Structures are given as structure tokens and as C-alpha cells.
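We begin with a single chain expressed as C-alpha cells, specifically the form predicted alone.
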Amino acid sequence: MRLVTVAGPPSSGKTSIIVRTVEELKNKGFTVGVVKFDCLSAQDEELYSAYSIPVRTGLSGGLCPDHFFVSNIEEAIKWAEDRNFDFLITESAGLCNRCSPHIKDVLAICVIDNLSGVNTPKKIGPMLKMADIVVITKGDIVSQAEREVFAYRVRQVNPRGMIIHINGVTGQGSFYLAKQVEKTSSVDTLRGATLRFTMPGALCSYCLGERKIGDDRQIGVSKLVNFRGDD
């Protein structure tokens, strides 16, 4: 079975891109399952079901979605293998720009949209910088000049990644992404595999449920801004 990780900021079009890519793979006779990792809620199961795509959803709740993803990815693979899928595609929440759900030797895709602003690529961390493929969506809503500037900013952040422009509504461009997905290697297990980048680092009193504000409540790993330096 072959594994693909898809990540990106909220509302960038990840689900639509996956649906269109799965359609291309299914047309070639492949079977594909999807696991959606989100935080508080996800309504994507209805969309996947409408296209007859098997899907499972995991909600992290109060946990960091990245840690939740890593804790459950091996079980996700077992679920896919039990159903003899040719491909398993995971979709992660991407709730913060520091998210890093990509795994070494596993095809990593980041979805980002033109409407997010030309400075957005610089604000996104390993989710974009470590991706093998960067899918840029919503290009039909902006001008050609804006598309070129945005793609240039993406290349500045990730010069080695392949850029593919896809229209999530019509599916235009998904054929090229499906061809790249087909080339990925099979994965039997992720035991011993390595993340491409470290997780967001924090273990503090607020992570563990503290709600009150104050210096005496801040225990563990924290980071403070220096407001007392020279202006």
C-alpha cells in the first residue's frame, strides 16, 4: 500500500483536491481510502461519501493535531491494509503554521491557496517548506500576475518542491497530481520512521488544562516576549 500525507491551512481546498485526485486514481482502477485528522469538528465525511470514498475521521479535541496524527497514523495504516487499499491519503488539520505532519520517505503534499495573500508562504513553516509537492488552488479567482507572484513566493520558501496548480471545483490539474501520487513507493509500516521536522514544542500548565492567567501559573516550557528592551 502507498501512503500520501496532505496538509495545508484551513479552507485552502485540501478536501476538494483529494476528492479530485482520488477520482483520477479510481478511473485507473486503484482503490483509495482517506483518513481525516481534525481538531474540533469535520463535515468532510459527507463529501467523501458522496463520491464513494471510504473515510475515517479522528478529532484531536484539546490535543495538538500533529501529536494526535503521529499517535494514530500506524492504526490508520492497519485500517487501510485490512481493506486492501492501494493508496491511503491522510488529510491533516493544519491549524497552525508551525504544523509539521510530513514523514521522511512518504510523499508529502501541501495545499495553499492564492487568496491567502502573497506574504503567506513566508509565514508557513515545515508544512510548506518540507513538502515534495505544493498544490496552489483558487487561481481562477485572481489575475495571472497575482498567480505568478504567489508561485514565486512559494518557490522562495520551498525551491525544491514541485508546484501544481489545481482548480478544486472543476478538477483541472488534478490529473498531474494523480500521476505523481502513482509514483510513490509502498509502505508496510511506519514503525521506526522519522518525521521530517520536529513537532511544535510546548509542554506547559496550559497544555495540561490550566485556565488562570499569571506568572505563578506558567509552569513548564514557555516563551516570553521582551517588552523591556530598547524601543
Partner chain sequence: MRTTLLQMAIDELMEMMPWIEDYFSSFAIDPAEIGNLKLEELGSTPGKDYFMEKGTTYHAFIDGFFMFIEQVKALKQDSGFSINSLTVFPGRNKNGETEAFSVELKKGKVTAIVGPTGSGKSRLLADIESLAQKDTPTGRSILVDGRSPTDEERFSTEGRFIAQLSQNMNFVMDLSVEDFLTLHAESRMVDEIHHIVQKIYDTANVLAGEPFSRETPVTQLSGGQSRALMIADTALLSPASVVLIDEIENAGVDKVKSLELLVSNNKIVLISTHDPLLALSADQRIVIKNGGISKLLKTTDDEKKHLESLEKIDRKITLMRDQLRTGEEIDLSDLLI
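Because the structure is a prediction, the values reported are computed rather than measured. Numbering follows the first chain given and starts at 1.
Just so you know, the form predicted in complex with its partner chain exists too; it's not on screen, but the next bit is about it.
Enquirer: Pick from 170-178, 50-58, 28-36, 185-193: which stretch has non-hydrogen atoms within 4.5 Å of its partner chain in the model of the complex?
Expert: So the stretch in question is 170-178.
Enquirer: When the contact criterion is heavy atoms within 4.5 Å, does residue 198 count as touching its partner chain in the model of the complex?
Expert: It does: once its partner chain is placed as it appears in the model of the complex, residue 198 has a heavy atom within 4.5 Å of it.
Enquirer: Residue-level contact is defined here as any heavy atom of the residue lying within 4.5 Å of its partner chain in the model of the complex; does residue 103 satisfy this criterion?
Expert: No, residue 103 sits far enough from its partner chain in the model of the complex that none of its heavy atoms falls within 4.5 Å.
Enquirer: Is it the case that residue 64, even though its partner is missing from this view, gets within 4.5 Å of its partner chain in the model of the complex, heavy atoms only?
Expert: No.
Enquirer: Consider residue 140 of the chain shown here, and say whether it contacts its partner chain in the model of the complex, taking contact as heavy atoms within 4.5 Å.
Expert: Although its partner chain is absent here, residue 140 would touch it in the model of the complex, with heavy atoms inside 4.5 Å.
Enquirer: Could you work out which of 88, 130, 107, 73 is the residue within 4.5 angstroms of its partner chain in the model of the complex, going by heavy atoms?
Expert: Result of the distance check: 130.
Enquirer: Could you tell me if all three of 126, 147 and 153 have a heavy atom no more than 4.5 Å from its partner chain in the model of the complex?
Expert: Checked in the model of the complex: all three residues contact its partner chain.
Enquirer: For the stretch 100-137, which residues lie within 4.5 Å of its partner chain in the model of the complex by non-hydrogen atom distance?
Expert: Result: 114, 115, 118, 122, 126, 129, 130.
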